[in-house]
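A lone chain, given as structure tokens: the form predicted on its own.
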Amino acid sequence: MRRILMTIAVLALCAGAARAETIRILMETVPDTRYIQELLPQFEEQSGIDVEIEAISYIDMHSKLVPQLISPQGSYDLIVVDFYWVGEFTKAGWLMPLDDLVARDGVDVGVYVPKLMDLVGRVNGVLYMLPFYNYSMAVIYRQDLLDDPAEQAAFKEMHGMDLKVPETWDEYWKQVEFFTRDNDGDGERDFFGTVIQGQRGDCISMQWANYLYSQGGRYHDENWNPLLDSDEAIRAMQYYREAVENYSPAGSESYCFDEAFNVMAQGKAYSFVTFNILYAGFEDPESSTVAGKVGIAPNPGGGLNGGWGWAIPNSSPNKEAAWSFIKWAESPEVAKERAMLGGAPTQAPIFTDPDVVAARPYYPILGEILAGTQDFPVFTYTTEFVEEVGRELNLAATGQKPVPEAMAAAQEELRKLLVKDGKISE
């Protein structure tokens, strides 16, 4: 019996040792995940730790994560967390605070852009994540059309202003109208001033936020009182609906960013209000017919601030190994390599690093875009908010509801969730 018990103990120790040499990470199928995968051999050789990355689509991540997070011991040693989930995950106590590890190992968290540390770093003064990548939103536009003398002359004659990178919403909207055309002469629009990603839920919520900010609107005031029935919010939705009806391809009210990306990449649109991480794809001749012809600029009024952070779940079986991976992935050298590949930086020095700028000349502009972003509501029920308010936004954009009626309904949905979270009273 004693020999059997000793054998069991030895087997258990061996299993534990083997497990300590492998960590599992759940990530989204986005370019920055691919860049991490490309660089993985470096970490595995340096650390002796094997890494298994499970990359899945965004729509499946939340439902797959939650059962693992509530378990005493989950399947994932390390996860990436969208800013949507920060309020929910931290309030539930699912994430391990990182302050002690940062202090113990002398990790410099001062290199991160403050806006991203506020978004996916610290919550109520506690550090739960290190920012992984940012997906702030901006206007991607056709620089070659702005530089065309014939287009410049026609625009100047029509509007009495120069055709240039737009700095105000009025300027941008005149360009959207100007570039929407029937180039084939068959009575149907075939080139569009913009592309709408109006699919219910996340897709429309993300894009419409930029329209809201452009009008000086906000989701709530400093005391969390909702503002979705304000004049600014109604005006923003009227612009959005106008784009669906007149300036974007038919059916774009059901697009998400993949479909919208394809329209722009195929040379069928002047502009696209979208995530900065898509810009590298437009510049890649393998995925785009407009490579070398596009530019990127801040959304007038500020774009949406978005980002993901590295987090260690409290249910992680191998917390130290997971922390070793984070330190490697966020080391200055690896963060720089990711940026050189086309990643979306979170560390301020990378945006102006000479080597990075030589490879990616637009990165200083990405830094300016990030600095001017506006925040989305982040609270315990952000995920529910996106679905419920996104439904009302889509109904307004498609004309299934009058804009004021839909925005009043969105206002009520946000109010109920803020009451539920204790942000405001009844």
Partner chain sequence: MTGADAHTLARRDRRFGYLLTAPGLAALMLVITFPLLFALFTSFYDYTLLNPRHDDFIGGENYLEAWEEEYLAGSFWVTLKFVLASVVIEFVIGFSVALALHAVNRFKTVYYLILLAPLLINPVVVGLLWRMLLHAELGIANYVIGLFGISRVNWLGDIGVAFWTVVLVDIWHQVSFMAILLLAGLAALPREPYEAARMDGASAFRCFLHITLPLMRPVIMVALLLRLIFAIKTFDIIFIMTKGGPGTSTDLVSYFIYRAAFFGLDIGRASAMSVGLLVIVLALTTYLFRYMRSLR
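Positions refer to the first chain, counted from 1. Because the structure is a prediction, the values reported are computed rather than measured.
The form predicted in complex with the partner chain is left out here; the points below concern that form.
K.L.:
Considering G193, P166, G121, P249, which brings a non-hydrogen atom within 4.5 Å of the partner chain in the predicted bound form?
P.N.:
Looking at the other structure, the residue within range turns out to be P249.
K.L.:
Would you kindly say which of E253, D82, D353, E330 lies with a heavy atom within 4.5 Å of the partner chain in the predicted bound form?
P.N.:
So the residue touching the partner chain in the predicted bound form, by this definition, is E253.
K.L.:
Could you tell me which of 367 to 375, 64 to 72, 30 to 38, 353 to 361 sits within 4.5 Å of the partner chain in the predicted bound form, going by non-hydrogen atoms?
P.N.:
Of the options, only 64 to 72 has residues within 4.5 Å of the partner.
K.L.:
So in the predicted bound form, does A233 come within 4.5 Å of the partner chain, heavy atom to heavy atom?
P.N.:
Judged by the heavy-atom cut-off of 4.5 Å, A233 is well away from the partner chain in the predicted bound form.
K.L.:
Although the partner chain is absent from this view, report whether D221 comes within 4.5 Å of it in the predicted bound form, heavy atoms only.
P.N.:
Judged by the heavy-atom cut-off of 4.5 Å, D221 is well away from the partner chain in the predicted bound form.
K.L.:
State yes or no: in the predicted bound form, is some non-hydrogen atom of D258 no more than 4.5 angstroms from a non-hydrogen atom of the partner chain?
P.N.:
Because a heavy atom of D258 falls inside 4.5 Å of the partner chain in the predicted bound form, the answer is yes.
K.L.:
Would E157 show up as a contact with the partner chain in the predicted bound form if we use heavy atoms at 4.5 Å?
P.N.:
Output for E157 is no: heavy atoms all beyond 4.5 Å of the partner chain.
K.L.:
The partner chain in the predicted bound form: within 4.5 Å of a heavy atom of each of Q199, T383 and T398?
P.N.:
Yes, the whole candidate spot contacts the partner chain.
K.L.:
Within 4.5 Å of the partner chain in the predicted bound form, which residues of 301 to 332 have a heavy atom? Give them in sequence order, or say none.
P.N.:
Nothing in the stretch sits within 4.5 Å of the partner.
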